[in-house]
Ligand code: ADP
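Just one chain follows, in the form predicted on its own, and it is written as structure tokens.
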């Protein structure tokens, strides 16, 4: 049986914190699918297609990773693509409240779907895509926060 997991997020942009979780998930699961979800409470800087291309570029060394995009309920995507495991990253205790609610809601809506939480490496625990975008927008050094390809894409977007 193939062990596969779904890692959803907006990934606008993908960060070194996301990369840390993906790298570790790839050692546990045979297949990891990153799904770029539309988050109506956020205004994305990059389109779905741009984010997908960025993720594929920085994860080229991981043959067991695929990337997709979706609008709608996560449990519908999981059910339609036969996923039973959702990966979520936790940076701090404050993330847990929201993620716990989401995990329980997803479990209620999809009885066969479980959520596994990965604690990000402590060196990335304060990072968020929003914070990285703000630092970049005002000319700050983001090289320690994102892969080089993503740093370039951000700088070009803000020029």
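Here the structure is a predicted model, which is why all the values come from computation and not from measurement. Positions refer to the first chain, counted from 1.
What comes next is about the form predicted together with ligand ADP, which does not appear here.
Trainee: Classify residue 91 as contacting or not contacting ligand ADP in the predicted bound form by the rule of any non-hydrogen atom within 4.5 angstroms, answering yes or no.
Mentor: Result yes; residue 91 sits at the interface with ligand ADP in the predicted bound form.
Trainee: Determine whether any heavy atom of residue 9 comes within 4.5 Å of a heavy atom of ligand ADP in the predicted bound form, and answer yes or no.
Mentor: The answer is yes: residue 9 has a heavy atom within 4.5 Å of ligand ADP.
Trainee: When the contact criterion is heavy atoms within 4.5 Å, does residue 147 count as touching ligand ADP in the predicted bound form?
Mentor: Residue 147 lies outside the contact set for ligand ADP.
Trainee: Taking heavy atoms and a 4.5 Å cut-off, does residue 99 contact ligand ADP in the predicted bound form?
Mentor: It does: once ligand ADP is placed as it appears in the predicted bound form, residue 99 has a heavy atom within 4.5 Å of it.
Trainee: Tell me whether 17, 39 and 127, taken together, all sit within 4.5 Å of ligand ADP in the predicted bound form, counting heavy atoms only.
Mentor: Each of the three qualifies.
Trainee: Name the stretch: of 118-126, 105-113, 63-71, 25-33, exactly one has residues whose heavy atoms fall within 4.5 Å of ligand ADP in the predicted bound form.
Mentor: Stretch 118-126 is the one.
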